[in-house]
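Included below are structure tokens for two forms of one protein chain, each presented in isolation as structure 1 and structure 2.
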Structure 1
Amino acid sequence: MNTETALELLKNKGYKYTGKREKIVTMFADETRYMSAREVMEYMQIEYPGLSFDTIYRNLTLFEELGILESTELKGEKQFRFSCPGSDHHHHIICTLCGKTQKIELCPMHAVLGTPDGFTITGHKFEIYGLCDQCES
């Protein structure tokens, strides 16, 4: 996903284009980490001081529903990041302090579960948590 693709997706789905939405999308495109709604709010309030937390959270939820953002839970709250480009199957390692993510190509699902009898797996999410080199130092 990139900024242009995300904004085009919003337009194609019939959602109004606004400077606020563009700024949120651009912010996530420039980051390689998960961010909380509070972090997004702090960033946005510099340019839009009257912006409410509800507006931020509604937009983040919309972006997640449209596949622009993906989410996880870190530090006891939902956090968001730009969706990975392409549709290749992969997972992430995530720093629990700064939220930085790194893609890993292997999928441990088959080794852990195999193919269960009487059940068709339609999706899964596997994340590994730890500390990145910068946070560990």
Structure 2
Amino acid sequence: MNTETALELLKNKGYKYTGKREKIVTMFADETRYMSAREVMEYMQIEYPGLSFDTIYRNLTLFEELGILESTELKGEKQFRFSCPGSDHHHHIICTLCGKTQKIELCPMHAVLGTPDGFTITGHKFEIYGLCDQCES
């Protein structure tokens, strides 16, 4: 995903172009790491002081539906990040302090395909947690 594609997606699907949406998108494009709704809120409030929770959550949800953002759940908070370039299936190593990620190409599901017995598989989650070099020092 990149900024232009994201903003075009919004336009093409009939969603309106607003300064707030542009700012949210460019924010995620600049910091390709997981961020919580609260973090987005605080960052946006610098430029838009009277910003509403509604706006943040509604747009984050919309962006995820459109494939502009991907999300996960960490420490009881939903976390969002700019969709990784290339839409191939992948997983992440995630810094538990700053949200920084590193792509993992390997998907463990290949090794498990023979296993299911009495279950119909609908999804999976594989995440490695750690500290990035900056956060560790």
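Superpose the two forms; the largest set of C-alphas matching within 1.5 Å is the rigid core. Residue positions are counted from 1 along structure 1's sequence. Bear in mind that the values here come from a model prediction, so they are computed numbers and not experimental data.
Any idea which of the pair is the form predicted in complex with another copy of the chain?
Structure 2 is the matching one, since it is the form predicted in complex with another copy of the chain.
Would the C-alpha of residue 15 be classed as shifted by 2 Å or more between the two structures after rigid-core alignment?
No, because once the rigid core is superposed, the C-alpha of residue 15 moves less than 2 Å between the two structures.
Once the two forms are fitted on their core, CA shift of residue 126 between the two structures in Å
Displacement of the alpha carbon, after core fit: 2.4 Å.
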